[in-house]
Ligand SMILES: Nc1ncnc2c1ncn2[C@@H]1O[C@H](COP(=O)(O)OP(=O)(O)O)[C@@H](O)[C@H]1O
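Just the one chain here, the form predicted alone, laid out as structure tokens.
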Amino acid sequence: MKLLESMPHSVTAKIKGLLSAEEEELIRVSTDLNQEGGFGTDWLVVTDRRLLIVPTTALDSVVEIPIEELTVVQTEALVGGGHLTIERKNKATVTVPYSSSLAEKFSEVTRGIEQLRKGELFLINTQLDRTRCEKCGKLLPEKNGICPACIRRLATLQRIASYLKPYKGHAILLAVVSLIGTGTGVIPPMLIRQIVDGVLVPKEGNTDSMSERLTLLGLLVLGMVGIRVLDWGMEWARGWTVSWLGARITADIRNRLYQQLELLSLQFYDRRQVGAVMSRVTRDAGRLQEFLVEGLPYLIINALMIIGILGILFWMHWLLALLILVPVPFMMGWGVIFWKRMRLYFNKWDQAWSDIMARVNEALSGIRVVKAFAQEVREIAAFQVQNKNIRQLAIRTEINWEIFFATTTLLTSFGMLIVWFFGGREVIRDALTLGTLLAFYAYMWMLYDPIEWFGEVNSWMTRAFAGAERIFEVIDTPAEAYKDPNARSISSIKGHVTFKEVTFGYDKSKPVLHEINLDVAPGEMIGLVGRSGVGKTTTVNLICRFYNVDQGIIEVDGVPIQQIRLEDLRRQIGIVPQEPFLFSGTVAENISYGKPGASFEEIMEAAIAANAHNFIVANPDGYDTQVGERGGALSGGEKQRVAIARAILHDPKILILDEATSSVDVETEKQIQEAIARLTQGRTTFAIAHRLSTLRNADRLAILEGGRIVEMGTHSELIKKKGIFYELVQLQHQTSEIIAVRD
């Protein structure tokens, strides 16, 4: 894995002239501070043989350090930044300064150089968090997020439009209705013109009688009524069609998004907060629907309206039409400036609301702790500070709104003055009729109104498209290999599990497991033992293929798990976690989760085998008892036994017990142990236990230390060996004795 950034041509040419043909570049990164600590771009290049520091302002002053000369390479945090410190044998220490924004990158660079220095496997994380846009350099709203300023609007709109394919008929209907609605919108001023010029103030020489003029007035008014009724019908049809299309397109995108969220790997969620992911389904999808239902039709209809109005105005009087357009550039410029400023307030507003909701959620979720430590006043004060921030933002927003409307009114008033002054002069000279002037006046407001909101629509579109981009970013993330065409379908496995030189780290540069070798026979029970953080849970996660190994192979029945269909593999693995997760619903629904459609008799048999039947039927609703959110209506031991019943009904060939008896009382532990004894019969079992005494029945124990298996054997063999396992047992006994004395 290499971390290679793009360099300027001048620096690239210099580096190529220094490297030999056999030399391989592994790291090539830029700094944002020069050797003097000022802002500047220098380069650090690391190959498999040496390290180069290249100042861009002095390409002849390259510092070369062979890997074998390095003694220690480390980062040193400073105020606002840090130093990469490179210590050499019998030579002066070299430092590479950088700002705090590059701290994560140089942490990985340091790790990679240290791996080369020690002769270890070169593994660094190249997927660094992005805080700035790679295109424009602006700060991103969230880490690894979408830059609103660089959204590809046309491409995003085309992708959104692709979801219209199943609804072509409604899309065509919307287009027709919009065109008709635009036509009905521009006709009334022309009828007003005819009423004034043909009926109310007829031209000289008009021979129409009073009755003919009254008849014409009635027909024109009737025409206006008809136009208004038709316009109402088009508005109704457009509103219904837009709402129908917007709701379905958004629902389709939301369905596709949720489907993708279910299929993504755990590594995707490891790098993101659940709340941030949920906002894709809620806020981003909501903004997209709002834009599709209200924003996009508004944009299309008013664009057509403006084109039609301009055509009519120039047809009636081209000079007056040009004069009416004089305030338009100022209105559009003011709108752009205003909404650009308002976007900052909107971002602050969103962040403030996010912060206050996070605070409320945290305080209410931990209300027991708040009350236990009598910290209500503290929490109220913290809320008031954030609430004050929102209040101040609201005041500033309202003030800016008033300024916007006042300024817009001023600009539009110039258009009104232009119409009355220049248009009035034309009427006085008989170059323009009064009806045409009134039509001009009506069209002027119809033209100015959508232009006033040009900036808002632009901002609205930006937010909606940014949300759409965030949604599509998730949709485009590669899912787990459920549809791998090369994977083998294995409907039934025996449970022979083999680890061969397995190395893995959640962060590729920080391996948790190192060169694990383990062979587990079908039906064998293996206990995984070690201190916290040595890789016990990681080991069983790899068996489930929640993560893919970095090095080595894991085989099931002699077949690498990457070559087994993911559904077939996980369908034959059962997990009883330390803290079982139950879904909202009944006890029966949770037990049958791993086997949809199971009969009630099967559910009850699994519950009996898990020693859960008695407490279930003790409840008034029995198996229809609601467990509550996350199983909150049940005790810890009851949830654990329901989880065991779920695993029993699932009937796996490989069973994983991740500290299934921790944090329960002695009586409950006894019942759980009896249930586990039934569950493990005939199954390959990997057991992680908090209480080492519970692993006496394991066929073998694997002792992990520092991500490696350091001891292997039966419980009695390891006790006799008096190694690490013996020390852990003795330490646990001493702790138990101290607790017993205190009690």
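Nothing here was measured: the structure is a model prediction, and the numbers come from that model. Residue numbers run from 1 along the displayed sequence.
Not on display, but discussed next: the form predicted together with this ligand.
Asker: When the contact criterion is heavy atoms within 4.5 Å, does S532 count as touching this ligand in the predicted complex?
Answerer: Heavy-atom contact with this ligand at 4.5 Å: present for S532.
Asker: Does R111 reach this ligand in the predicted complex if we count a contact as any heavy atom within 4.5 Å?
Answerer: Close contact is absent here: in the predicted complex, R111 is far from this ligand, nothing within 4.5 Å, heavy atoms only.
Asker: Answer for T625 alone: is it within 4.5 Å of this ligand in the predicted complex, judged on heavy atom distances?
Answerer: No, T625 is distant from the partner.
Asker: Tell me, yes or no, whether Q578 is in contact with this ligand in the predicted complex, where a contact means a heavy atom of each within 4.5 Å.
Answerer: So Q578 counts as contacting this ligand.
Asker: Can you pick the one in S584, T75, T503, T537 that has a heavy atom within 4.5 Å of this ligand in the predicted complex?
Answerer: None of the others qualify; the residue that does is T537.
Asker: Heavy atom within 4.5 Å of this ligand in the predicted complex: which of E362, D621, D270, E567?
Answerer: Spelling it out, the residue with a heavy atom inside the cut-off is D270.
Asker: Based on heavy atom distances of at most 4.5 Å to this ligand in the predicted complex, which listed stretch, 182-190, 524-532, 88-96, 424-432, is the contact stretch?
Answerer: Of the stretches listed, the one contacting the partner is 524-532.
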